Each structure stands twice: as C-alpha cells, then as structure tokens.
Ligand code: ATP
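Below, in structure tokens: the form predicted alone, a single chain.
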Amino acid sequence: MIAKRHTGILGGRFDPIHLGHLAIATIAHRLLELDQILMMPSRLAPHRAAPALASADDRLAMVTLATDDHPHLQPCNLELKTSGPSYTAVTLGQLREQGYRPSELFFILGADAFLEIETWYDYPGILDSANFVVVSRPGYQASALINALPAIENRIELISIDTKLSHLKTKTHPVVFMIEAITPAISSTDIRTRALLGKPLDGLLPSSVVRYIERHHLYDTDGRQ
C-alpha cells in the first residue's frame, strides 16, 4: 500500500519528450498543488497507427534525463511493462490497485487530446477513475471544450493562475479541471523532422535530451539504417 498522495500522471509516446510536455506538467503541478507527477511513456498508443520511432528504452531514458532537474517529476515505466496497447483506463486501474483513490489521481493531458475523450476505451466510466486535468494547447483552448463536450459539462471546473484551490484536499469525487494557460507550440513530429534534416534542436528540448538524441542518432538518417 502506498502513502496517500495527490499524484499526477502525464502519459504519451514522448518520442521525444520536449519542453511543451514539461510546461504542461509544471503548470498542473503548480496550480493543483500536486505532490508528484508520473511521467509515463506509453508502449503502444491506441490512437496512433504507427509505432514510436525510438525504442521504449530510449524514450524512458529521455524522460529520465528531462526530469532530472525537476524533483516533482518522476519517470514511470508502468505502461512500458505491459504487452498490449496502453489504455489509460487500464493504467488508472493499476494505480488504484496500488492503493490510490480516484480522487487522488490527476490524469494530465492537452486540450487537443481531450477533445477525443468520447472515443477512449471505457468512456464514460474512465471519468470516474481519476481527475482529468486538461491544459490549453496552441489552437485548442481548454474553456472551448465545454461547448464541444456538453455531456460532461457538469463535471468541469475551470481554473486559472488566480483560482484558490484550498478546497482541493477535501474533494472526494473526480472532476475535469480545465486550465487556461499558454504553452509552447512544440511537437514531437516537428522535432523528429528537424533531426532527420540535421536542423538544430536547441530551445525545443532539454539540452540533456538533445545530446542523447544526437549521440544515439535516434531520428537522423544514421539511426534509420
């Protein structure tokens, strides 16, 4: 049984992890006063037709490097240890088996990803498995999703940097937090393309991750031979 903590989960392929991912995690950590955030690379993303280009070991290594200077961010290989698709509902179930209550879990994602929530495995039951923390992404305002997803409007709580969250510790039922924030317009797809073309990656990823990609030729032509 684990110690009871308010724990965030930020999942994704992290192919590679970049400063946009870290910005989302930092915003959620600060505004929701989370004790820790598990940075969780997926094994097989259900909504992605093609597999990740970097191996599971390389993606976990990059996550470990990216979080090294952030004590509140913890690399987690829970989904990498599974054999099938990385369904969020299954992952949250595994965390509950470790002793977490749904009200103690905070699944963090961008507004663009949450727009597809109705297509997720075990929807709408998954919304009772954890709090969902939806952060604005370039071109996708979190608040705009209220009209786009009327079926869950009664679950949504809009928050900003001025929101008082002293009541957070007393919440007993999961809700959907919508966070209006400015996050970097960075994508893993663009980073992979830049690496393939030999363009610089500075300012897009932590420097330690840039060095790892360059040292292991993860996305350039040498890495594909």
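Note that residue numbering follows the sequence shown and begins at 1. This is a predicted model, so every value here is computed, not measured.
This next part talks about the form predicted together with the named molecule, which is not shown.
Novice: Heavy atoms within 4.5 Å of the named molecule in the model of the complex: which of the stretches 193-201, 178-186, 60-68, 29-37 has them?
Specialist: It is the stretch 178-186.
Novice: Taking heavy atoms only, is Asp112 within 4.5 angstroms of the named molecule in the model of the complex?
Specialist: Yes.
Novice: Though only this chain appears here, would Pro138 touch the named molecule in the model of the complex if you measure heavy atom gaps against 4.5 Å?
Specialist: So Pro138 counts as contacting the named molecule.
Novice: Looking at the partner-bound form in the model of the complex, is Gly20 within 4.5 Å of the named molecule by any heavy atom?
Specialist: So Gly20 counts as contacting the named molecule.
Novice: Answer for Leu10 alone: is it within 4.5 Å of the named molecule in the model of the complex, judged on heavy atom distances?
Specialist: Leu10: contacts the named molecule in the model of the complex.
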